[in-house]
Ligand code: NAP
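Next up: a single chain in structure tokens, the form predicted on its own.
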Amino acid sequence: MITSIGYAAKSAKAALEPFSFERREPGEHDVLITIDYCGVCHSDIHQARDEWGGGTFPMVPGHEIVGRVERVGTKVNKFKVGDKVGVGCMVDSCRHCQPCERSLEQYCENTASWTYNGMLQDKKNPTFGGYANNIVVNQDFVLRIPDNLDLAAAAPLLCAGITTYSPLRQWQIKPGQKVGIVGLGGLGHMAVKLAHAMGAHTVVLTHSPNKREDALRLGANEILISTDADAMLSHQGSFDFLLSTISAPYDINAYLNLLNLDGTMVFVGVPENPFTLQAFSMIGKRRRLAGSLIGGIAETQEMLDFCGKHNITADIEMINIDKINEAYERMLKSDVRYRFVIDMKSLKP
């Protein structure tokens, strides 16, 4: 076994603290990765505090992992020692169900092995995430980071990047289409960059006028203040696509009414309470409402290559790992622009 160190929540709602644990020795298809940086996702807070239920403790969060290959198994043929690599939200899946065979491992019918707060495919051993010094992953779930991307700023691509890229690709966003990004946080700022790079006329919808300058800097063509009733009315029936990245409560009908004929709204943010949906918001212009969950491994690599081509990374604030609890509190106050990334050199034995 490999001795690992990291930070863990020992119980639901407990502060994260130093934690020692063991990872398996790399098997013949495994890659041992030294973690250089790990992004901090809002879902880390939800799970570490067991707000979604079903948490397994002690829990080492983190699924925006980047680093370098330290060791490879005897049958690994995709990576070599020293390669810049990443690990996202999954470390394995059953490989044989219909979604897995379609490279949609995130929808594995036998449950994917999530990078943390999950189980390996043996259904016996828990997974521990990237707030740690190393990780062992099957090569099929390891991703190659383009050489031109800053490694730390690339870390959030492994969740925030693919979460927003996948719906933009699945709904085939094209140059000239009018695309609205609802919310300008960790997810939203990535969506703006990606939609802009795809050639869309990109509009940020936010209730915060003070985000105007940032929205334009990130690539938005316009900003629409969602609390301005006249402005919202002037945009009704004009959007081809809306991507909602927010988790705060909102009137979904007000946004659906912005869509044009056959327009689609996709949500990747998860509000705490159910939506109240009015049928006329949908049927008047044959509108569609859908959801999306991260992306499969092949699509995640496609996203990374796209980001490499267009030199896209996240806007980050680097922290030492002993500031993680403070970072959680700041995230809850939206006091980060736009993603915390942990420098793992700050992790001490």
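Remember, it's a predicted structure, so these values are computed and weren't measured experimentally. In case it trips you up, residue 1 is the first one in the sequence shown, and so on.
The same protein also has a form predicted together with the named molecule, omitted here; what follows describes it.
J.: With a 4.5 Å heavy atom cut-off, would you call Arg287 a contact of the named molecule in the model of the complex?
T.: Looking in the model of the complex, residue contacts with the named molecule do not include Arg287, since no heavy atom lies within 4.5 Å.
J.: Check Trp52 for me: does it contact the named molecule in the model of the complex (non-hydrogen atoms, 4.5 angstroms)?
T.: Trp52: yes, in contact with the named molecule in the model of the complex.
J.: Contact with the named molecule in the model of the complex for Gly269, defined as at least one heavy atom pair within 4.5 Å: yes or no?
T.: Gly269 belongs to the contact set for the named molecule.
J.: I'd like to check something about His207: if you look in the model of the complex, is any of its heavy atoms closer than or equal to 4.5 Å to a heavy atom of the named molecule?
T.: Answer yes; at least one heavy atom of His207 falls within 4.5 Å of the named molecule in the model of the complex.
J.: Tell me which stretch of 40-48, 25-33, 309-317, 279-287 has a heavy atom within 4.5 angstroms of the named molecule in the model of the complex.
T.: Residues of 40-48 come within 4.5 Å of the partner.
J.: Are all three residues His196, Ser238 and Asn253 in contact with the named molecule in the model of the complex, where contact means a non-hydrogen atom within 4.5 Å?
T.: No, because His196, Ser238 and Asn253 lack any heavy atom that approaches the named molecule to within 4.5 Å in the model of the complex.
J.: May I ask you to choose, among Arg169, Lys211, His201, Lys84, the residue with a heavy atom within 4.5 Å of the named molecule in the model of the complex?
T.: The residue from Arg169, Lys211, His201, Lys84 that makes the contact is Lys211.
J.: So which of Ile246, Ile173, Leu242, Val72 gets a non-hydrogen atom within 4.5 Å of the named molecule in the model of the complex?
T.: Exactly one listed residue reaches within 4.5 Å, namely Ile246.
J.: Can you list, in sequence order, the residues from 277-298 that come within 4.5 Å of the named molecule in the model of the complex, counting heavy atoms only?
T.: Those in contact are Ser292, Leu293, Ile294.
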